[in-house]
Structures are given as C-alpha cells and as structure tokens.
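The chain below stands alone and is given as structure tokens, in the form predicted on its own.
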Amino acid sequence: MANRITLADFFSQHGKTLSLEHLNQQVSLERSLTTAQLNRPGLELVGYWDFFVPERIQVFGNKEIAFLDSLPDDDLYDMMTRLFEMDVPSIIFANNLDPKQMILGRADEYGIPVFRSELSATDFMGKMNELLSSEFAPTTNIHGSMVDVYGIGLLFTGRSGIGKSEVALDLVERGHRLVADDVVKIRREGTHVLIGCGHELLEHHLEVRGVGIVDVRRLFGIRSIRVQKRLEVMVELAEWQEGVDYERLGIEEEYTTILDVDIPLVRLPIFPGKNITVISEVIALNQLVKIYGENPAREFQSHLMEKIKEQSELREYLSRDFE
C-alpha cells in the first residue's frame, strides 16, 4: 500500500481526468498526499475546527464560495490564514470558480497549491475519491501467472519451474488473455474485491524456460492481453504424490486469504501427460456456474443421497412382501 504520493505525481497522472488547472503555478507540487479522504470545509468556515483533519485536500464548491464571498475582507483573511496554518496539502475550487486574489495571495505565502476544476463539487469528489482510493489501496506481490479465462481471473501459483508460465502461454494460445506473469501485483478495492495486474517492467511478457522472454502482445495481438482483472480463483500447481488424498468430489471448498479477502483455492496435482490447460478452463467454467448460484458437486451429492434413500426404501418394502 502506498503510504504517500506527491501532488506532482498524482496530478500528472490524473489532472486531465479531473479537469484541473493549477492557479498558482509558482508554488511547488512536492507536497505529499497521505490519505484518500477529502473534505469540504463547511463547519470549519463557521468556526468549528474540533474534528478537522489537515491531511485532507480541501474542496470548495458553490456553497463554500458563496459563504466566503459574504465575509468582510478582514474575516476572510483570518479564515484563510487559519486554514493555511493547518498546512493542508492543497485546496481545489470546483465548478470552475474563481477564488479571490486575497485567497491566492495567502496560499502563495504558505506554499499551498491551489487548483480549479470544471467539474461540480459532487462529481469532482466522486472521481477524486475513486482515484485516491486506488492509489492508497492495500497491495501485495505474488509469484505466479494470472490469466483471464472465460471472464474468470485465475492466478496460478506453485514452485519455481513447475510450469505456471507454460500453462498461461497455452491458455493464451487457446484464445484467453494474459494479465501478468512472474510477478502479479494484487490490490484490494473496497472490502472484498481483489484486482490483479502486471509489473510495469514485465507487463505482457512471459518467461518460457528454454526459449526465453516472449512478448505476448506482439505474438498474439492486442486481444491476448488485459491490463488488469479481478482475481477470483487461485490454482496451486503441485507434483502428484502417491498416497495423498486429493479432493475428488469438490463438495468441501477450500479458500485462501489475500489482503484479508477469501478466494477459492484449487490444489491441482500435475504429472506428465495431464492436460492442465483444459482443466484450467473447466475450473473457470465451474466458477462461473457457482457465481450463477449452482453447485454441481453438491447437486450430485444430493441426487446420490436421494437415490440411496429410494433404494433403501425399496429393499425395506420387498423384505416385508410375503405374498
């Protein structure tokens, strides 16, 4: 998880999306953002500062500006001085509003960057919150390969050299889409959604032992890749071992936890000749069926138990038939 990001980095990436204009360009943008939260200083403008959080960007909309315009110059001067003394990272005026020159002058003195956006305050805060939440989302790196198979994000893990990249390459050749290989960056969005993507230096490249690095996008075209994908199932590859009791019915589902989110885990034993690619497609399709509220394994078990019950009742009836 990113602990901080500078205003310069954030607005260079997202300034166009947010329709931002830097009004006091002589002020440096090297200040850091440390939280994804924003604030509209309504209560603070009327003098209530008890729960003010200075680490948040301050957003001014029509109501705030109308109130500031109603203040005498001395009161406005004191109000903005109090705000800037809190060392807020930045203030932003929505609705393409023009702040008074006195506000800009005080911001310059305290080194506070001031921006203006064409968006309404509501729209701006919605987009800004989404972007900041992504920047500050919890993240982790996992060694493996991730592929979008029939719309299901499968993450293949296992020891080095077991064949994760080869499985991913085979799936791409069959028309599925590579998300990442070798290092998969996982971030949590909200409370229960995991998003996987590739490292910027490795994106859309595969390492095939004996061949080397291959560029999947160049070899298979733009349709063979995805920038990111929701992670829905982890597939753990391991060598087949005699005597190990592997799951055969799939009734008892196993889960693993990444960034405090539980996702289904499939332990897949492999040996020479076993078609892991087709099995991976079945795993994805089976997950789709479960998403739509069906569970074939449990339905089979229920049907089997009904048949056993019927046979038992028939045998009991015949055992009492003496005619």
Partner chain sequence: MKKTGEIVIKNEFGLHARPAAALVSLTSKFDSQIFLIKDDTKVNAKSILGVLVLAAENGSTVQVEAEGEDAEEAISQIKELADNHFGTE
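Computed from a predicted model, the values in this text were never measured in an experiment. Residue numbers count along the first chain shown, from 1.
Just so you know, the form predicted in complex with the partner chain exists too; it's not on screen, but the next bit is about it.
Chemist: Heavy atoms within 4.5 Å of the partner chain in the model of the complex: which stretch in 96-104, 202-210, 223-231, 130-138 meets that?
Modeler: Looking at the other structure, the answer is 202-210.
Chemist: Could you work out which of 217, 143, 174, 192 is the residue within 4.5 angstroms of the partner chain in the model of the complex, going by heavy atoms?
Modeler: Looking at 217, 143, 174, 192 one by one, just 143 meets the 4.5 Å heavy-atom criterion.
Chemist: So which of 183, 71, 162, 86 gets a non-hydrogen atom within 4.5 Å of the partner chain in the model of the complex?
Modeler: Looking at the other structure, the residue within range turns out to be 183.
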